[in-house]
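Read the single chain below, which is given as structure tokens and is the form predicted on its own.
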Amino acid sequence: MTSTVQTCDIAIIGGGLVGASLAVALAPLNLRIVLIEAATPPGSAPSWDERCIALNAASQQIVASLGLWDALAPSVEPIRSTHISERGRFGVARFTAEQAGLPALGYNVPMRALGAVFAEAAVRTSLQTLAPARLRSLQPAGDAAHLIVELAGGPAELHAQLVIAADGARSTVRELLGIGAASRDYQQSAIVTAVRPQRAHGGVAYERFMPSGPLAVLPKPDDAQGHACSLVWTVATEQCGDYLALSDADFLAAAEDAFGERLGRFAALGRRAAYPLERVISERISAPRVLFLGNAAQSLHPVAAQGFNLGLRDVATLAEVLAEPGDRGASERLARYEAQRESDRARVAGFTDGLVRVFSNAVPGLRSLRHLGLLALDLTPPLKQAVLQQNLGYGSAVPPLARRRG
């Protein structure tokens, strides 16, 4: 039994990148916020092959609007252009920062650095963090949600006007509320590592489509001469173990063969990790006194690096919706958030799923259509501009925190 009941305005379940960034975004509102995280994040030292995440232009602006870009900038690598191709075809689509009128299309940044910047900023707020802590029950009731949280010293009871589920694709909040999710197993896994190509990357991010899935090579921090790249290789899950079992030399040879000769030989290989790929879309993104953000609302295929950027726009939109005084968990406020996120969520979820379906197969007739599609994309300005705006994060209604300044 719990001995005391704590009250707050907002309880955030999940202290990952989305949960921590939301805490920072809400700091100016002077709300009573409790962050509930299942594990204490382990410390990690920088390494040249650590996992990175690509922030698009809208996400960079959100980080800047939160006052955190100066702290993050030394750790990032600008992406100044993208090069999209299909193995065995000469059709190519290119996008440049100059076409977008920006210094960069996006930035590749170590997840460790991004997490550290958000976490340090969150500590400077009045946020209360419970970690390690696990949510055991959640009952919306009238003007508050009632939560039971398991701590090391025993259970604690918390009443919150609003609960934010930022606890990932396998959301505990969704499970406790009995909310379903539509899932699609792509039968693919992403092998994530780093390579040092013979030639400098020049700020170019490459995405090369093959029947097994896309292979992405992105500019990576850590090398002043530009000879470090993140490599994300999507392969059939049934073959993933074989790729992981290869020696470094054999894996590099296979990656070079799949990618082509644009950057020359791959001279070094980092640690390899594999992640199964699945699309999980929550049947609802709100319930009484509850909202779902980030992967808890939609977990997408990593093609075109849209997932976390979409989650940051969730954060930016919610910060705007919660800025007005009053009951933060009122049903009309939750409905407004849903309405503002509907088109962006649908557009990005459809865009990524469509890319996977069209490019991750070997249907003979479709190969020619894909080839023509890449050529048309590169040669048709209105279409190219629409795709460019989508990739920059400006394809739908733009929340204030993501709007360009000046």
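The numbering used is simple: start at 1 and walk along the sequence shown. This one's a predicted model, so the numbers in the text were calculated from it and none came from an experiment.
Although not depicted, the form predicted together with a small molecule is the subject of the following passage.
| said: To test your reading of this chain, name the stretch in 167-175, 252-260, 197-205, 324-332 whose heavy atoms come within 4.5 Å of the small molecule in the predicted complex. | reply: Of the stretches listed, the one contacting the partner is 167-175.
| query | Should residue 53 be counted as a contact of the small molecule in the predicted complex, where contact means heavy atoms within 4.5 Å? | reply | It does: once the small molecule is placed as it appears in the predicted complex, residue 53 has a heavy atom within 4.5 Å of it.
| field | Any non-hydrogen atom of residue 14 within 4.5 angstroms of the small molecule in the predicted complex | value | Contact with the small molecule, yes.
| Hey, in the predicted complex, does residue 192 get a heavy atom within 4.5 angstroms of the small molecule? | Residue-level check for residue 192: yes, a contact with the small molecule.
| Taking heavy atoms and a 4.5 Å cut-off, does residue 281 contact the small molecule in the predicted complex? | Judged by the heavy-atom cut-off of 4.5 Å, residue 281 is well away from the small molecule in the predicted complex.
| query | Any chance all of 38, 135 and 306 sit within 4.5 Å of the small molecule in the predicted complex, going by non-hydrogen atoms? | reply | Each of the three qualifies.
| Among the candidates 214, 302, 110, 270, the residue which, in the predicted complex, approaches the small molecule to within 4.5 Å (heavy atoms) | It is 302 that has a heavy atom within 4.5 Å of the partner.
| Interface residue in the predicted complex among 82, 295, 317, 188, criterion: non-hydrogen atom within 4.5 angstroms of the small molecule | The option sitting close enough to the partner is 295.
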